[in-house]
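Only one chain is shown below, in structure tokens, and it's the form predicted on its own.
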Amino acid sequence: MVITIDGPVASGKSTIARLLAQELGFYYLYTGLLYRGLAAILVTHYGYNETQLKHPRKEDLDALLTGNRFEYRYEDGEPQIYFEGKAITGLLKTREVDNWSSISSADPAVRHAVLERQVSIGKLYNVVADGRDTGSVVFPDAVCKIFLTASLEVRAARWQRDQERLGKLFSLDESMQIVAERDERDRTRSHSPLVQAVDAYVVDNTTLSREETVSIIKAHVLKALS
């Protein structure tokens, strides 16, 4: 059984999906972490620059995604990325990795490779998956689809706070520009763009707390499952 939560950057989908998975006893699939991990490894271990990230070499993707060199695990309530047996999750929440991921994830070969990994996870567990195309592309037959959104200013403020916790300081205006640019890239990419699935339930959490958002979504999920 799969539940999907899609939405734009800083809409809160990863936090809400993780909390919902915990409440339902489901496996949490943080799809954005897969893309972040893949992009970071291409840069740090394969020497890619931003231009090369636009179209990664097939042989590099095959080498990374064949076998267990690159792993996604959901352990003790937390999503983790492992590369060659070492957890690298802590290195992936930076603006640089966010930008690398945005570039490489627009490539059809990258999305196809990661899609296969996601689908395989969805066959093994009851899953709450979040991302930008989980309901429209990855799990089109999901039993319940959510599209989570919020105003640009609120999402930019959330992104700003996340960066501040990492020691990176941005003004709200700078944050709004960065988030808006990311939105534009995600919506206009030719392959698997950010879209609202036609059968998705829309939740705008601009004025909602995390607890209120989870409560609304959980009630909708339980209603859909009944």
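Don't overthink the numbering: it's just position in the shown sequence, from 1. Since the model is a prediction, treat every value here as computed from it, not as a measurement.
One more form of this protein exists, namely the form predicted in complex with a small molecule; it is left out here, but the text below deals with it.
Using a 4.5 Å cutoff between non-hydrogen atoms, residue 35 counts as a contact of the small molecule in the predicted complex.
Among residues of the shown chain, residue 155 is not one whose heavy atoms approach the small molecule to within 4.5 Å in the predicted complex. Shown alone here, residue 111 lies within 4.5 Å of the small molecule in the predicted complex, counting heavy atoms only. Although the partner is absent from this view, residue 162 stays clear of the small molecule in the predicted complex, with no non-hydrogen atom inside 4.5 angstroms. Every residue of the trio 93, 182 and 189 has some heavy atom no more than 4.5 Å from the small molecule in the predicted complex. Only one of 82-90, 140-148, 102-110, 119-127 places residue heavy atoms within 4.5 angstroms of the small molecule in the predicted complex, namely 102-110.
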